[in-house]
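For reference, the chain that follows is the form predicted on its own, supplied as structure tokens.
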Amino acid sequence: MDDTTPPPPPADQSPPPPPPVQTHTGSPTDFLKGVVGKRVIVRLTSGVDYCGVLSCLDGYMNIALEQTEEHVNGAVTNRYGDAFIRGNNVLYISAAEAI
């Protein structure tokens, strides 16, 4: 064997695991502050989605959206200039664009 060639790894050694996937580790409050003024998707407990620009929200998750579209089963059913959603109907808020 040549002196410059490294020895092969032992057969019982497996390759190292891949690096962990990077995830966002901020708090929900940080996320919500970061999406104000950006496009979001708001899913209601009824299953209806509202997509629009998040104007503001409060501690009760009451939400004000601008340029709002209502989606039922993936199809646009209505378009609103401004929409106000009461917080107890909100299932989740998701960013529709990169934060």
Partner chain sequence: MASSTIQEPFDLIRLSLSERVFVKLRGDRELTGILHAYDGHMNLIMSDVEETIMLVDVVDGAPPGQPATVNVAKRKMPMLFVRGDGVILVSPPSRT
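Residue numbers count along the first chain shown, from 1. Bear in mind the structure is a predicted one, so any value in this text is a computation, not a measurement.
Keep in mind that the form predicted in complex with its partner chain is missing from the display, and what follows is about it.
Its partner chain is not drawn, but in the model of the complex it has a heavy atom within 4.5 Å of Glu66. Under a 4.5 angstroms non-hydrogen atom cutoff, its partner chain in the model of the complex has Glu70 among its neighbouring residues.
At a distance threshold of 4.5 angstroms between non-hydrogen atoms, Asn88 is in contact with its partner chain in the model of the complex. Within 4.5 Å of some heavy atom of its partner chain in the model of the complex lies at least one heavy atom of Leu57. For the candidate spot formed by Leu44, Tyr50 and Ala83, every residue has a non-hydrogen atom within 4.5 angstroms of its partner chain in the model of the complex.
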